[in-house]
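Heads up, the chain below is alone and in the form predicted alone; it's given as structure tokens.
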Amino acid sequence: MEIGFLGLGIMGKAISVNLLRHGFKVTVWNRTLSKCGELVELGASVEETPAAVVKKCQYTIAMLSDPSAALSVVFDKGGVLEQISSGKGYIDMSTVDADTASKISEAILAKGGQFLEAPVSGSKKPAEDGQLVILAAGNEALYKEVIPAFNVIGKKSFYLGQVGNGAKMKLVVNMIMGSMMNAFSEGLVLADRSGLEPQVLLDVLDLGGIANPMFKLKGPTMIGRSYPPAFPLKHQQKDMRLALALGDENAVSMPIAAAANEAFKKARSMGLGDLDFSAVHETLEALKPPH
């Protein structure tokens, strides 16, 4: 199966490498073409525009940073719409809002193409290990056709019905995750300031009812105040913002998510946007009185 791939950020690169390792032919495009070099060494082909990738491949996957990037790759000059046609499928794995997914879907369908939104739950390591959770919605026939690729990319795929449902599910998941990360940060700092060993807190949490992989994975690096980006903080804040907008639309009160969003915004204002989202911890550490 030949697959096109648009966007070689942290996630796109890991997914593309995985597809190549599993014997898929992959043709890549990235706005900064220099990022394609490593994939070429692994056997990928490169095209200079999204349109050229779509022309070459029956199926094209995109993994872009936000709604504006997702839209520009489809609608701009040299974009997906110039070559999408009957018999071709476009799968957008970017985390966007339901409106953006619907806009892209309508444009692809108008050209006779098939569309699937398929945002993923999981960050850098699950992407490298093929352990993502895929939240797909849209054309069910296309979903069935690309399952062989999804089975390499993820540990489980969900088909959620109409376009928009994938985006909504992803935003709910990331909203909960962002809120939890803030509570976790407060707990680590509270333990430390009140004379407890933060590492012992991690051990206690790991044995209780709220044990989870995120605390286990991120806790030690947060204690060391190191935040290598698996999921950049600026993207987490974008997802909080989009989730809060979904709350507005549905008249759902979300005071905890709103407070978490403010903490992520503060972290961005401190210049932490490109670090891992766990760097929101620094908004509390920064309050430390000078010794």
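Throughout, rigid core stands for the largest set of C-alpha atoms superposing within 1.5 Å between the two forms. Residue positions are given as counts along the sequence shown, with the first one as 1. Being a predicted model, the structure only gives us computed values, none of them experimental.
Below: the form predicted in complex with another copy of the chain, not depicted.
- In the predicted complex, at least one heavy atom of S194 sits within 4.5 Å of a heavy atom of another copy of the chain.
- Using a 4.5 Å cutoff between non-hydrogen atoms, P220 does not count as a contact of another copy of the chain in the predicted complex.
- Put simply, S68 is far from another copy of the chain in the predicted complex: not one heavy atom of it is within 4.5 Å.
- Q237 belongs to the set of residues with a heavy atom inside 4.5 Å of another copy of the chain in the predicted complex.
- Only one of E186, E140, E128, D76 lies close to another copy of the chain in the predicted complex, with a heavy atom inside 4.5 Å, and it is E186.
- Here the chain stands by itself, but in the predicted complex one stretch of 140-148, 82-90, 104-112, 170-178, 170-178, has heavy atoms within 4.5 Å of another copy of the chain.
- Within 4.5 angstroms of another copy of the chain in the predicted complex, the stretch 130-166 places a non-hydrogen atom from each of V133, L135, K155, K156, F158, L160, N165, taken in sequence order.
- A movement of the C-alpha atom of Y59 falling short of 2 angstroms is seen between this form and the one not shown when the two forms are aligned on their rigid core.
- Core-superposed comparison between this form and the one not shown: the C-alpha position of V17 differs by less than 2 Å.
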